[in-house]
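Shown below, as structure tokens, is a lone chain in the form predicted alone; questions about how it binds or moves come after it.
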Amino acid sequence: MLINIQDFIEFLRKTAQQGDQISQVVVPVRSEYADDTHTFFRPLTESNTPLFNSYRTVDPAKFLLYLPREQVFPAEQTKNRILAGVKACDLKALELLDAALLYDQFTDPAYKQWRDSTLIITSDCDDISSSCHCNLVNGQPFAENGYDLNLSQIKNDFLITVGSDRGDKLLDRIKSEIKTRKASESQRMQVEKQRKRIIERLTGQNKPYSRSSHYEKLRTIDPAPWQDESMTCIGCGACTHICPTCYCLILNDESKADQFIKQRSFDSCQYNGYARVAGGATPRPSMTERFRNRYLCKFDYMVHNFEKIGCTGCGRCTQACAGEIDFRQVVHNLQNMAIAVQ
């Protein structure tokens, strides 16, 4: 199904303004800073213009579904909304968060409310950032499943793909309000060519960081190489906060005389005080141990717990790192080292 891009944006604006079924539409928009190509998720307004088909936003979609700080009991009422322009790396991250926060023996009530009330529209990447590396973790620069609708740009149109019943209902509403057209086979082929072009760019960019996928060998590496790789790490926690799959939390009791209240906030395994107990003991007192823990969490612990790698290749941790540590380079160096000592 083809739809004109401007018509689609106006449909989203109108939907948000009407507020009957959807009270908010959140989209990627350019930074307010001049000459900045980065985008951020912001509510769609009359004064901003979404950019759907660039690379991923600076802020992960996680920030809109698992908030840096929010009341989880009693969970506050969420808004029915559309989150559009989500990239495949963020969607894969949500799959992991779902496994961690929505499983049968534990459900985070606030996260569940946001997930249930948010309709996800993904969009293909037609550009890459210098740190994007989804191709190194079995990812693609386009969503394959798990979305409600997906957008692939063809000149001034979007090719819309339906991924769920909710998406199908939204598409029915779109068709009732604006003109749509059937996509031709040549237009579908054009989408495939565009996707192949981005994959080739990712492959070329990340060739120096190629590595084995036998990540279990990271556990076998001696402490010294971890110390070398973590030399410039200052433990600021930027990497974990910006990571779309990190969900470590601290739960505060902020009850009042007449009300039981629990507030959840982001925590970070990179902090010196993380997991420290009342007696002062901590399981990972050195920065190197905490640095190692983050990599093993992504490539060992999460695989063990969820059968998924905890890295989706978004590259945000590399761009946020105050110590200029390239996540890809660390994994490449350590994997090669693990193989060499076998």
Partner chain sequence: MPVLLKTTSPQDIENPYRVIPAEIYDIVQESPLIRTLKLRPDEPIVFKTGQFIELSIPGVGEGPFTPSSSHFETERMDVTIMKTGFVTNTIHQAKTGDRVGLRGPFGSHYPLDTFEGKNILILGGGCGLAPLRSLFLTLVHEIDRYNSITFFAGAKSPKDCIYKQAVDEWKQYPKVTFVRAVDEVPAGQEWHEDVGVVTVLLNKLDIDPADNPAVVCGPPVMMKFGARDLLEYGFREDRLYLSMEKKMYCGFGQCRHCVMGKYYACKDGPVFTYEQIKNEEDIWE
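Computed from a predicted model, the values in this text were never measured in an experiment. Positions refer to the first chain, counted from 1.
Another form, the form predicted together with its partner chain, is not on view; read the next lines as being about it.
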| item | value |
| --- | --- |
| Which of 39-47, 280-288, 53-61, 309-317 sits within 4.5 Å of its partner chain in the predicted bound form, heavy atom basis | 280-288 |
| The unique member of 215, 247, 226, 209 whose heavy atoms fall within 4.5 Å of its partner chain in the predicted bound form | 247 |
| Selected contact from 185, 116, 222, 200, since only one has a non-hydrogen atom within 4.5 angstroms of its partner chain in the predicted bound form | 116 |
| Contact test, all of 109, 251 and 305, partner its partner chain in the predicted bound form, heavy atom 4.5 Å | yes |
| Contact test in the predicted bound form: residue 296 vs its partner chain, heavy atoms, 4.5 Å | yes |
| 4.5 Å heavy atom contact, residue 21 to its partner chain in the predicted bound form | yes |
| Heavy atom of residue 173 within 4.5 Å of its partner chain in the predicted bound form | yes |
| In the predicted bound form, residue 67 touching its partner chain (heavy atom, 4.5 Å) | no |
